[in-house]
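Coming up is one lone chain in structure tokens, specifically the form predicted alone.
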């Protein structure tokens, strides 16, 4: 054979060199399927459309830079290099970067994190802490050079002069900004000597405000024991920090207005209440004086002795009435007692004996019938005065 014989490895290597040199870095759009995140941190998936598919790999160090979470069924645009995997004898796309198709990666990351934290309850009203009415010390977490801190200081000093402001300077955009903000919140909580925190910055693009959409900031806000006002961007801007914070202010200036009341307004209210209190007090005093004058000019106050005599007379009248009632009741009781006495006397056996009757006993038992005795029986006879014993010598008919 004139044509050289190649090993599988040689053929595959030639295909690899030809294929990889023929296709420079390219962009491909398709739908993710067979998505797998290896324990090593590398991501493997298939990119497909209705007619074809290609294997893809995204190495760990690039996967960690993604702002959103890829998943099966998601339409994406990827940039990558075509590569032949010699051991498997197949070609694949080594992905350098990935973006959601039709929507920005930042916006998708925002929506994904918002959905996740909402499901965990970090936005629930039950977790919102009330703001103090009159804070003495306010902590501010923002850039030391931005317009936000100047606006906050200006409003606080105007509304409540003398309030203490503690600035914790941080970066508010760029790499590492979110970690600085989260660390500042944790440090203020350890410090524990501020009544409320303002966390925020001035307006900007979604990229500029992204540090306040990071999960690390959201969880730091949620863990804070100090009430937090989120003041990120302009009125139309919303961040993840806004949803987690205890209160959301549309601007840093508005946050400062939420933190402290207007001293002049409070002074006006105090003056109003003071005047109202004086008016009410004067009215109470006038009413008390009127009542006192009525007492002073009353008959009882002017003629106390007559009043006492009237009460004494009433006491005498009551005493007479009581005496009459008691006398009448006593007479009734005496009459009833006399009647009972006569009834008792009439039932006395001695009264019957006094009239000439006697009582015959045999062996201590009253004899009521001649059938109770026999001839020669000894009986005792009780008279009104004294008594005697006798022997039965004759028994007459019981009807005699």
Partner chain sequence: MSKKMTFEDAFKRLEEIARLLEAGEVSLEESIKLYEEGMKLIEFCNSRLEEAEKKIQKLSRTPEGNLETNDWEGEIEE
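Numbering follows the first chain given and starts at 1. Every value quoted in this text rests on a predicted model; they were computed, and no experiment measured them. Superpose the two forms; the largest set of C-alphas matching within 1.5 Å is the rigid core.
The same protein also exists as the form predicted together with its partner chain; that form is not shown, yet it is the one meant from here on.
Please tell me whether the candidate spot formed by 13, 62 and 106 is one where all three residues come within 4.5 Å of its partner chain in the predicted complex (heavy atoms). No.
Partner proximity in the predicted complex: residue 188 to its partner chain, non-hydrogen atom cutoff 4.5 Å: Residue-level check for residue 188: yes, a contact with its partner chain.
Mark residue 216 yes when one of its heavy atoms lies within 4.5 Å of a heavy atom of its partner chain in the predicted complex, and no otherwise. No - in the predicted complex, heavy atoms of residue 216 and its partner chain never come within 4.5 Å of each other.
In the predicted complex, residue 222 touching its partner chain (heavy atom, 4.5 Å): Looking in the predicted complex, residue contacts with its partner chain do not include residue 222, since no heavy atom lies within 4.5 Å.
Partner proximity in the predicted complex: residue 205 to its partner chain, non-hydrogen atom cutoff 4.5 Å: Output for residue 205 is no: heavy atoms all beyond 4.5 Å of its partner chain.
Please pick out the stretch from 269-277, 91-99, 120-128, 75-83 that is in contact with its partner chain in the predicted complex, where contact means heavy atoms within 4.5 Å. Only one stretch qualifies here: 269-277.
Answer option from 71, 112, 183, 310, heavy atom within 4.5 Å of its partner chain in the predicted complex: Of the candidates 71, 112, 183, 310, 183 is the one lying within 4.5 Å of its partner chain in the predicted complex.
Contact assignment for its partner chain in the predicted complex, among 234, 116, 150, 171, heavy atom within 4.5 Å: It is 150 that has a heavy atom within 4.5 Å of the partner.
For the stretch 151-190, return the residues whose heavy atoms include at least one within 4.5 Å of its partner chain in the predicted complex, in the order they occur. Heavy-atom contacts within 4.5 Å come from 153, 154, 157, 160, 161, 162, 163, 164, 165, 166, 167, 168, 169, 183, 187, 188, 190.
For residue 87, decide whether the Cα shift between this form and the one not shown is 2 Å or greater, given a superposition on the rigid core. The answer is no; the displacement is under 2 Å.
After the core is matched up, is the C-alpha of residue 284 off by 2 Å or more between this form and the one not shown? Indeed, residue 284 is displaced by 2 Å or more.
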